[in-house]
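First, one chain by itself: the form predicted alone, in structure tokens.
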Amino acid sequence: MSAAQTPPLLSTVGLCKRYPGVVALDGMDFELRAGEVHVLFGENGAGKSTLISMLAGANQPSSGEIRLHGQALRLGSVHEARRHGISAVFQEFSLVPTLSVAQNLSLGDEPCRAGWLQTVEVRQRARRMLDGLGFDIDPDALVSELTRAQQQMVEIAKGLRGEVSVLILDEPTASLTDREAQRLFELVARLKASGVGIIYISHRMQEIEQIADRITVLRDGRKITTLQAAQTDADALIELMSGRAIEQIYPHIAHQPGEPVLEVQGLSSTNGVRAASLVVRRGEVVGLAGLVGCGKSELFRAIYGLDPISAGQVRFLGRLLTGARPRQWLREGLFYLPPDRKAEGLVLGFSSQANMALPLLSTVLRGRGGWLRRRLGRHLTAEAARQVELAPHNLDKPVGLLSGGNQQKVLFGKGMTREAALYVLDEPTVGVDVGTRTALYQLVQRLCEQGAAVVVISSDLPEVLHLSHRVYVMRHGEIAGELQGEAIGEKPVLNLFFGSSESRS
């Protein structure tokens, strides 16, 4: 029997999810076969998370049916879904930070004898699980002490506990290095070969091309189509997902370079940057590219005062500011957007408005006697929300309840509440959909054409290539080369990534 004739392992028929005034998923028909990777592709709000939450038992449908091996299935909880072999690894981690890796991997299924917890067996079981997946993590380490990438690996290991026939992976590589992601893809290939059906959510076109068998495109809570991955391409998928051609996503940004805003000479830092020199001018977008771990993020973390500088000089608008701290940089006119919005950029329990007002608290909003100028704060944050296209009804919501795309808009909004001469955007569109990307790219265009300097630090090569007037490429903590204008292209940048002879000719 061919793959196309194989009966579905898991399917939905007319699946709907309604909330008061909102239809989150509308009449969804979906099929997953055993031994395939089926990618769900769509913008934030398209219905992907709603669908997988119901398949994983975390949410229940308003109408329609879920079928496993052709039999109707009612899932009242995640635990019930797990009993049927359906396991999900969500984008939001479910680990207990104060417990060890081993304790997390046995949570809810602890080995006991005569009422006593078998702690040695807990550790041995965790070691076997981690070794079998190729994850080099200490079972005794506290989860709170792990990097986000290591926590992601533990979450994946937890999802594969027991007999799994359906595995759901929601943006699993968002926190992983290239090497760690490759390990995950090898694991996915092994699971496919053993007959596991995998539902995979990602915005990264390169990994979709690498591992997908079929792709279902969703838009506005509805299924648009299901395609064979080998018979489509990135441009077609993006147009199906967003209703826009790819040419409409990246704006043409006028290049009118003015005076130098940032001048870095021979900078070395304790986080691995060595003798880096660069210049950023008003009216231009400068890209910083390189492989994961090359030092591109570390360079600007050192400049911004988050990591110590061991040598070199940093000038901003002609003033020597080597070693300045973040508070001073903010006052001087540098806005830094960190790559991890949840760990470093946002206070998830605060409203969007309160988050966007944070950079103003010690200066603009501080009135006589220390009283806060609340009316001014509301005005400035409302204007910032308008600039980043954040809907007004999201202003009073806690940021933690917003979609990833809207959270990123709030993070950008923090930089729009006061004027800056330089905007440093580190992984500015990580984990967001094409619609949000388009809005944020247009914001970059406006900032640059209004005379600001913009630095885009990104692991997304098309983003760097399409937005930048000049590109610095980093390798092993050093600047490997600079490209500008017509010289900017995928091949020259990749040559600098890997240090090929062509890049030095």
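Keep in mind the model is a prediction, meaning the values are calculated, not measured. Numbering starts at 1 and runs along the sequence shown.
One more form of this protein, predicted in complex with a small molecule, exists but is not displayed; see below.
Visitor: In the predicted complex, does every one of His38, Arg204 and Ile238 come within 4.5 Å of the small molecule, counting any heavy atom?
Guide: No: no residue has a heavy atom within 4.5 Å of the partner.
Visitor: Please identify, from 205-213, 301-309, 228-236, 395-403, the stretch that has a heavy atom within 4.5 Å of the small molecule in the predicted complex.
Guide: Looking at the other structure, the answer is 395-403.
Visitor: Does the small molecule get within 4.5 angstroms of any non-hydrogen atom of Lys48 in the predicted complex?
Guide: Judged by the heavy-atom cut-off of 4.5 Å, Lys48 is in contact with the small molecule in the predicted complex.
Visitor: Although the partner isn't part of this model, could you tell me whether Ala24 comes within 4.5 Å of the small molecule in the predicted complex, counting any heavy atom of the residue?
Guide: Contact check for Ala24: yes, within 4.5 Å of the small molecule in the predicted complex.
Visitor: Taking any heavy atom pair closer than or equal to 4.5 Å as contact, tell me whether Glu43 reaches the small molecule in the predicted complex.
Guide: Looking in the predicted complex, residue contacts with the small molecule include Glu43, since a heavy atom lies within 4.5 Å.
Visitor: According to a 4.5 angstroms non-hydrogen atom cut-off, is Glu180 in contact with the small molecule in the predicted complex?
Guide: Judged by the heavy-atom cut-off of 4.5 Å, Glu180 is well away from the small molecule in the predicted complex.
Visitor: Which one, Glu121, Asp138, Glu332, Glu171, lies within 4.5 Å of the small molecule in the predicted complex by heavy atoms?
Guide: Among Glu121, Asp138, Glu332, Glu171, a heavy atom within 4.5 Å of the small molecule in the predicted complex occurs only for Glu171.
Visitor: Sort through Gln265, Gln387, Gln151, Gln91 and report the residue having a heavy atom within 4.5 Å of the small molecule in the predicted complex.
Guide: The residue in contact is Gln91.
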